[in-house]
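Let's start with one chain on its own, the form predicted on its own, as structure tokens.
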């Protein structure tokens, strides 16, 4: 466990190649509902760099810390309640542009490792954008999502207008961004913003089970699969099909492809080598 504004927990997995782990990154500002300030972004960027260069990291899970609930005025549960608005006060475009050109949303989006947002509580503004930067989103029944930037005379600046539209569609994105309204987890599930909704008490177990299932696959093939799926967001269908075909055919020259086919035919568990 690395202590800071982002704590990192590693869960070892019984996978091949040996040494694989799931990393859980927890935003650790519960007193501020895990609002994303500059320092938090920097720690997330550093965590991305370490994970990207570490072959043992198979899946990254991102979540938010909760305040103790036994106090007189406990804070509500939060994944990340947006950006730290105090850092916007008195700023000009020249002041904020460098930060938004080097932010954690894009760094997480560009990770080659699979990422899962484990949302329990408020995910608002930059918090929703952080969840959107992940590949998969699992939410508790106690979660709420929204892009309330319009209420500050702003628009989403961490990819919200783009990724939200790709994920939920034009109409739903317009409604969320132009009204600034929050929606509960069950509505987020209806419009495709999250993959599934589970009771808060079961959230961690469900996410770890999903992350473990993904971690058991060939890490090299997972990377190729993520790259191919992402290309569908940027390429027209005909070009995307060609890109997929190229990725598929190239896998036949990898060791893991041969291992997987032979393991299937012999009804054995594959022992991946990661290449």
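Numbering follows the first chain given and starts at 1. Note that the coordinates shown come from a computational prediction; the quantities given were computed from them, not determined experimentally.
The form predicted together with a small molecule is left out here; the points below concern that form.
None of 35, 210, 48, 65 but one reaches within 4.5 angstroms of the small molecule in the predicted complex through a heavy atom, and that residue is 35. Only one of the listed residues (168, 182, 177, 203) places a non-hydrogen atom within 4.5 angstroms of the small molecule in the predicted complex, and that residue is 182. Taken together, the three residues 88, 122 and 149 all come within 4.5 Å of the small molecule in the predicted complex, as judged by their closest heavy atom. Put simply, residue 234 is far from the small molecule in the predicted complex: not one heavy atom of it is within 4.5 Å.
Among heavy atoms of residue 84, some come within 4.5 Å of the small molecule in the predicted complex. The shortest heavy atom separation between residue 76 and the small molecule in the predicted complex is within 4.5 Å. In short, of 169 to 177, 186 to 194, 112 to 120, 149 to 157 it is 149 to 157 that has heavy atoms within 4.5 Å of the small molecule in the predicted complex.
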